[in-house]
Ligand SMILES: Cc1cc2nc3c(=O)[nH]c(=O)nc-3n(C[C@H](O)[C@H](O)[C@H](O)COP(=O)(O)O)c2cc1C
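Consider the single chain below, provided in C-alpha cells and representing the form predicted alone.
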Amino acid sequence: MIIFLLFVLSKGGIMELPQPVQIGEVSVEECIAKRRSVRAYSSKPLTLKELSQLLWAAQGITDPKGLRTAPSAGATYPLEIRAVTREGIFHYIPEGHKLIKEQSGDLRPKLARAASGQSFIKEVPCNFVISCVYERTTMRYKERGIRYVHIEAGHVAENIHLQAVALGLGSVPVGAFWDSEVKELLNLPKNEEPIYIIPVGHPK
C-alpha cells in the first residue's frame, strides 16, 4: 500500500519506484473513449505500482538519450511533477525513476483551500501538481518559450488522464487555484511556478 510505504520514508529520503509496465491490457482508443472528469473519489489509496505507472506516464524516461514520455520543445524539459498525498509531498525524479520526500503530513486540505475550496482535492488519495521552470525553455526560445511550456503541460496532463483510465482510476484537470498559495504550500524554488493540479483516485 502506498500509505505505509511513503509514510515511513523520511523527509529528504529517496525511494526507487517499481518499474513501469509498457505493454498494457487496455487500448489507447478505449482510454480516450472512457476518459471523463471525475470529482468524487473513494478513500482507497493508490498502490505504489499505480503511482509509479502514473508518474512514468507523465515524465518517465523512454530513451537512452534521456527523452521522455511527453514531447518537449528542444528537449528542454521545464516541468516538475509532485504527488501530494496523505503522507506528504513527493517530488518525482525521472532519472532513476524515483521519489524524494519533500514534506511530511497531510497537506491536501490546504491544497484544496488554495484551489478555491474544491473539496475533492482534499478527499482524493493523490494530487499531481505540475510546476515549471520557464527559463529552461525561454533561454532557447525567448518569450515564445512560455507558450511551449504550457503546451507541454497539456501533453503531460493528457498522459496522466489516459493512464488513469487504463488503471481503472479517475482524474480531473484543475486550473483554478491561487498560484502564490500553491507555490508557498509546496515550498517551490523562486524560479518555479505551479501551473496544473490533477487529482487521481478510485471513482465512487
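Small disclaimer: the values here were computed from a predicted structure and weren't measured. One rule holds for the numbers: they count along the sequence shown, beginning at 1.
Below, we turn to the form predicted together with the named molecule, even though it does not appear here.
The chain is drawn here without the named molecule; in the predicted complex, the stretch among 132-140, 173-181, 57-65, 41-49 whose residues come within 4.5 Å of it by any heavy atom is 173-181. Proximity of S27 to the named molecule in the predicted complex: non-hydrogen atoms within 4.5 Å are absent; the residue sits far from the partner.
The named molecule is not drawn, but in the predicted complex it has no heavy atom within 4.5 Å of R147. Although the partner is absent here, Q118 lies within 4.5 Å of the named molecule in the predicted complex, judged by heavy atoms. The named molecule is not shown here, but in the predicted complex it comes within 4.5 Å of a heavy atom of R35. Of all the residues from 178-204, the single one having a non-hydrogen atom no more than 4.5 Å from the named molecule in the predicted complex is Y196.
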